[in-house]
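Okay, so we've got the same protein chain twice, two forms, each given alone as structure tokens, structure 1 and structure 2.
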Structure 1
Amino acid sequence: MEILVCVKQVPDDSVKVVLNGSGQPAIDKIAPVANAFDTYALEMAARFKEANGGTITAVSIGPDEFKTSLKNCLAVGADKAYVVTDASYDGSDSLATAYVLSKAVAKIEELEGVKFDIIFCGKETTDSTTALVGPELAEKLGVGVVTCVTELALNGDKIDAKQETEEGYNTIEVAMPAVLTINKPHYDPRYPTMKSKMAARRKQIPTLTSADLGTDASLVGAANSAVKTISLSEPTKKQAGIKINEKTFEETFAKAMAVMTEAKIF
């Protein structure tokens, strides 16, 4: 079983992001971390490998510094890792990102002499939250996709995936190869051990560039992306509410109705 996990680095979402003087997110001093949903994807892939055997390869698009996070992936379940880095990819939207990843899939399969059975992605990233890269990658590869997966099981040459929806859950059977986007399961990602950390440090992480992938420059980067950012604004700050606590329920209710009537809420 050959498994690929796509991992994106995002600004630490525990840190409040504000706009700078140019109207752009001030994230220069916020440490990049692995996207939370991608860590769920890696953990689910690791558990699937432990149950069914196989090899996990992690891949990330970004600067060479992202190898640090990929080392962490190697310490918690991944067997191999690649970083895809090229200045021409900067500012790519989800469609361009999926295109680059599709080229990375083909190149890694060529280098490793394998074909990936399952490609795991987080259901979305915490910085853009489009939830589009996984389905778009499946379209580029011409394979099936199941989104928002919380559980999966091997069923012969197919996968039974439990999909979370707003109404409940679906169980979907999909043939391999397939792309799965992972929602938060009922467990948390594992922590690395000292032994796994030391082993990960010794592993090499190859770098792939646009020359290696053979990507078309007219399909990547901010200038060639279909989605354009017009402007950004910070969320409106919530105003303090009004506390109503009269002596009786009837008086409290009457006061609340009067306040809402005055504010023309209804």
Structure 2
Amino acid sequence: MEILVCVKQVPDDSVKVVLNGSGQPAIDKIAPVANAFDTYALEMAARFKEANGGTITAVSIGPDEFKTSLKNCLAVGADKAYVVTDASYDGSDSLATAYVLSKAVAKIEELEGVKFDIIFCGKETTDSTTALVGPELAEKLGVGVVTCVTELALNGDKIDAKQETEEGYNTIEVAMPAVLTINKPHYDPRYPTMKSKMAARRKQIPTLTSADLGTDASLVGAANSAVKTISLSEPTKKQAGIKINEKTFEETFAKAMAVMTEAKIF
């Protein structure tokens, strides 16, 4: 089984992002991590590989710094990793990113002499939260897609994917190659061990550029993207009210009830 996992590096999503003085997200002091849903995807891929054999390659479109999270991916299941870096890709929207990813798929297949059977994406990123790149990539590649997957099983030359729905789930059969977008499964991603970290550190992460991929310059980057962000703002802040912490429970409770009754909330 040849598996590709698409990973985006994002600011640690447990830290609240605010705007800086120039109206941009103040993210330079927030630790970079692999997008949470991509870590779920990698864990699902690793378990699938353990059951069915194969190789897992991770790929990121982004600056050289994205190697930080790719290194971590190499310590928790990925066998190989590529970073696709080109200044002309900066500011690409989801459609342009999906286009670059589709070209990266072809290039990595050529370099490794393989054909990918399954391409895993996260359900969404925690920074831009668009949830678009996975299905758009499937369309560019002309393959099937199942979104919101929380489990999968091999079924001959097809995949049976369990798709979470608003009421429960669907089991969807899709022919390989296919793109799957992954939601949080019932398990958590594994942690790296000392040994897996050491092994990951020794691995090379090759860089591919627009020249390697042969991307059309008129389809990538901020200027050629369909979606243009014109401004950012912070939502109106909710002011904290009062915090009640008296010496005894009885006092705290009585005071809280008085405030809430006064506010006529019940």
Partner chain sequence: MSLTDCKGIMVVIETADGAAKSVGLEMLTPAKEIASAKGTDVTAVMIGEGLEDAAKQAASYGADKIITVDNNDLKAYSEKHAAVLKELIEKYKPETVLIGATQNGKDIAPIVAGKLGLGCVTDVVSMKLGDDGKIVFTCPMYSGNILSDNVIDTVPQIATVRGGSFKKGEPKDVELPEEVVIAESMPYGDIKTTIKETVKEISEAVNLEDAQVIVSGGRGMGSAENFKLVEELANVLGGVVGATRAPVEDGWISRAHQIGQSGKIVAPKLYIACGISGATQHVTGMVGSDYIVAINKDEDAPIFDIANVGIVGNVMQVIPAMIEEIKKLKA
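Under this definition, the rigid core comprises the largest set of C-alpha atoms superposing within 1.5 Å between the forms. Note that the structure is predicted; figures quoted are calculated from it, not measured. Every residue number counts along structure 1's sequence, beginning with 1.
Between the two structures, is it 1 or 2 that corresponds to the form predicted in complex with the partner chain?
Structure 2.
I want to confirm the hinge position. Given the rigid-body rotation between the two structures, which of Lys195, Gly156, Lys237, Ala31 is it?
At the hinge: Lys237.
Rotational displacement of the minor rigid part between the two structures [degrees]
Turning angle of the smaller rigid part: 44 degrees.
Once the rigid core is matched, what's the CA displacement of Gly241 between the two structures in angstrom?
For Gly241, the alpha-carbon shift amounts to 7.1 Å.
Any chance you could measure the C-alpha shift of Ser22 between the two structures with the core superposed, in Å?
Shift of Ser22 at C-alpha, rigid core superposed: 2.9 Å.
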